[in-house]
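The data below hold one chain only, encoded as structure tokens and taken in the form predicted on its own.
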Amino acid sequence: MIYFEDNLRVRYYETDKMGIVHHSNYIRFFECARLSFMEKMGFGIEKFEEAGIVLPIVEIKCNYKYPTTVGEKLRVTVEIQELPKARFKLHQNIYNEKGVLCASGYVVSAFMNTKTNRVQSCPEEFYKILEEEFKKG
């Protein structure tokens, strides 16, 4: 298993008229943490694009547990429980500063070749990076 966490602060524009984070922003929070995770692994989104690969989301799930509000500090986690093949599943949670679970879910992305517009297997270099992290974990 690979585990990563990122910290974010809720901004005013991410809230609705009731002062609560709009539900669509939890998906954005998931994405921010995923991108930070890939950068930390040394294989940011730009590197995928340079290799002619994009990562479209093919499935996403978010369970909303507890509201968050403007100014709160959030901890967004990313957990990978299995090495990717043609799809890459990341389990994610969002906690407030008191440690309360506010949202949980997962995101599944595919590795798509931009020249063929077809799904392909995980790039070997990225797979090896993840494989090494699994050995540590």
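Note that the structure is a prediction, hence the values are computed from the model and not measured. All residue numbers are counted from 1 along the displayed sequence.
The next section is about a form of this same protein that is not shown, the form predicted in complex with a further copy of the same chain.
- Annotated contacts: D16, S24 and F29 all touch a further copy of the same chain in the model of the complex [non-hydrogen atom within 4.5 angstroms].
- Contact check for C62: a non-hydrogen atom falls within 4.5 Å of a further copy of the same chain in the model of the complex.
- Contact check for E49: a non-hydrogen atom falls within 4.5 Å of a further copy of the same chain in the model of the complex.
- Contact between V70 and a further copy of the same chain in the model of the complex is found at the 4.5 Å heavy atom cutoff.
- Proximity of L8 to a further copy of the same chain in the model of the complex falls within the 4.5 Å heavy atom cutoff.
- The contact with a further copy of the same chain in the model of the complex, taken as any heavy atom within 4.5 Å, belongs to V58 out of M41, V58, L101, L83.
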